[in-house]
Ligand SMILES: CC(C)(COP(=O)(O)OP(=O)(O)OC[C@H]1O[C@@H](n2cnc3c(N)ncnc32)[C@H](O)[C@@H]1OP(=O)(O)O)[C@@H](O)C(=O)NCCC(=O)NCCS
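Below you'll find only one chain, the form predicted on its own, shown as C-alpha cells.
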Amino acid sequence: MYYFIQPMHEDDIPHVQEIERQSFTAPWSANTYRRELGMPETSRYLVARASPTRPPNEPPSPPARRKPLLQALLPTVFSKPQPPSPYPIVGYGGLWLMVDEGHITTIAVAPAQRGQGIGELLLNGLIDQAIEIKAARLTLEVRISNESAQRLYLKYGFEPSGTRPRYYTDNGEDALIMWTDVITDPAYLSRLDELRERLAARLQRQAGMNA
C-alpha cells in the first residue's frame, strides 16, 4: 500500500470525523473544521490517503537535499477547489499559526493503518506547512501516557518544556508540552532531510512488500 498526503477539503470532513471518533473522546464538529479550512493563512489541515498502486504524483525516489519529500504531493494553494479523490483517507493532521509559533493541533491515523509510518508522514507535511506560513518554531501537547507519540516527536526535534495539569477532559490526564528549536535553522533542516530519506525508504519498502 502507498500512502501520500494532500490538503484537507470540505468534502473530506465526514471521513476525517470518522477517524477522529475512533481516536479521540471529544471530536470536533463539522463546523469547526469548516471554519479552520476557511483560514489558510493561519490554519493548515492535511489528510493522508492510501492507494494500492503508486499514485500518479508520488516521487519515485527519496528527494535531493532540501527538496521536501512531500513537495510533489502537497499543493501550496489551499483555497483552490479540488476534484473528489478516489483514494480513501487513512489519517489527518492540523496546524495553527499564532504570531510566529506553529501549534500542531492534531494528528490521527485510522486504527487499521497504524504503525505504517502515516503519522510520521503527516508530521512531515505539517512541518512543511509551518515553514510555508512563516512559523519559527513548533509546539504541541501530547498525553503523558502516549510514549510512542512522544518518541516520534523527540525524533523530529520536539523537546519537553513542561506540563498542563489535567489537560485532557476525558480522564484528567496531564499533557506534556513539547517545543522545537527554530525549524528554519540549517542544522534542523539537515536533520530533517536525513529523517525524510529514512521515511521515504521505509514507505517504499513497505509498498514493495505489500505489492
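We number the residues from 1 along the sequence you see. Here the structure is a predicted model, which is why all the values come from computation and not from measurement.
As for the form predicted in complex with this ligand, it is not shown, yet the points below apply to it.
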Inset, instruction - Only one of A175, A149, I183, A50 comes within 4.5 Å of this ligand in the predicted bound form by heavy atoms, so just point that one out. - result: A149
Legend entry - Position in contact with this ligand when the complex is considered in the predicted bound form, options R54, R166, R35, K155, heavy atoms within 4.5 Å: K155
Inset, instruction - Would you check, heavy atoms only and a 4.5 Å threshold, whether S23 touches this ligand in the predicted bound form? - result: yes
Legend entry - 4.5 angstroms heavy atom contact with this ligand in the predicted bound form for H103: no
Legend entry - Residue contact check: A130 to this ligand in the predicted bound form, 4.5 Å heavy atom: no
Inset, instruction - Indicate whether R202 is a 4.5 Å heavy atom neighbour of this ligand in the predicted bound form. - result: yes
Inset, instruction - For the stretch 1-19, return the residues whose heavy atoms include at least one within 4.5 Å of this ligand in the predicted bound form, in the order they occur. - result: none
